[in-house]
Ligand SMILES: NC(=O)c1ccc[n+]([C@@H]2O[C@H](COP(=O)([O-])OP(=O)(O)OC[C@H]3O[C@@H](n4cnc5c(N)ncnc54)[C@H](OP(=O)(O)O)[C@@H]3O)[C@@H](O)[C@H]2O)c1
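In the form predicted on its own, a lone chain appears below as structure tokens.
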Amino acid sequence: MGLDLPNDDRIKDPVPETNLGCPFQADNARVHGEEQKVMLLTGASRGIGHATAKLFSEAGWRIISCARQPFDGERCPWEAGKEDHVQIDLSNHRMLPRAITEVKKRLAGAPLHALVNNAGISPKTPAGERMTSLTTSTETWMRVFHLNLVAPILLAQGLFDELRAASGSIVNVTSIAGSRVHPFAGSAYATSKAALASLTREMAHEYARHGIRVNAIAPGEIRTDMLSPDTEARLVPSIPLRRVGTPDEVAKVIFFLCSDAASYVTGAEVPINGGQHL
């Protein structure tokens, strides 16, 4: 599945001065009577994804979500959440065309202001230990790369016209494990996230001429369901801020990268790890 991007080398006009007010307030379309902004978020059912959807929804954005799990109306009370949810396993690359078709159907010709590629998988051994390059099966390698790398590529390709219409923003969620050996993240996960960071750079260069910004965030240790208290206790001493992060803190950086405040930011990978990378 590919896409021939139009050859358009025209330089986009800079953001008009009238749009340079408080971008976070301006993002709330309901308050200002503007066109409601729309985001597509993968991996929206828990952790960073759930916090991101909640923050954007509170700012007036419409959320189209993709996840393996069905929509949970009690945990995810944003407007039209059930109708705008696509239940699909993005680790199966054969499902990507259907996912794109379902998103386009919900957009109904409207522009897409943000694509946040948050879905990811980090498989472990039956004992819960990291999987090395010596022990990871071919099937596991393929599943990890299909979800963590190929899905972001194909979603951006398939929704290119909608993103271009909005001068939209793409945010890829990488990881601190993409730049260093991690005690718990396995080899397939780490290399897929390193590849996603490189993809972010390439996409930022290729999509810029079309007015689309592409950035990444690289979270470190974030308090989600996957982080046990024992793991947190072991890792905190290596973090300069002496604590793990919260999903809300990550969501706020994603929000910034999708807002007008980041209108001149593209090709960046923002570390969110309390200084753990230092």
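All values derive from a computational prediction rather than experimental measurement. Position 1 is the first residue in the sequence shown; the rest follow in order.
Same protein, other form: the form predicted together with the ligand, not shown, and the subject of what follows.
- Task: Tell me whether Q69, I121 and T224, taken together, all sit within 4.5 Å of the ligand in the model of the complex, counting heavy atoms only.
- Result: Each of the three qualifies.
- Given that the partner is absent here, state which listed stretch (82 to 90, 203 to 211, 98 to 106, 129 to 137) has heavy atoms within 4.5 Å of the ligand in the model of the complex. One stretch meets the cut-off, namely 82 to 90.
- Interface residue in the model of the complex among A156, A114, A188, V173, criterion: non-hydrogen atom within 4.5 angstroms of the ligand: Checking each option against the ligand in the model of the complex, the one that comes within 4.5 Å is V173.
- State yes or no: in the model of the complex, is some non-hydrogen atom of L149 no more than 4.5 angstroms from a non-hydrogen atom of the ligand? Heavy-atom contact with the ligand at 4.5 Å: absent for L149.
- Flag K54 as yes or no: does it have a non-hydrogen atom within 4.5 angstroms of any non-hydrogen atom of the ligand in the model of the complex? Looking in the model of the complex, residue contacts with the ligand do not include K54, since no heavy atom lies within 4.5 Å.
- Message: With a cut-off of 4.5 Å between heavy atoms, is K252 one of the residues that contacts the ligand in the model of the complex?
- Response: K252: no, not in contact with the ligand in the model of the complex.
- Message: Using a 4.5 angstroms cut-off on non-hydrogen atoms, would S45 count as touching the ligand in the model of the complex?
- Response: Result yes; S45 sits at the interface with the ligand in the model of the complex.
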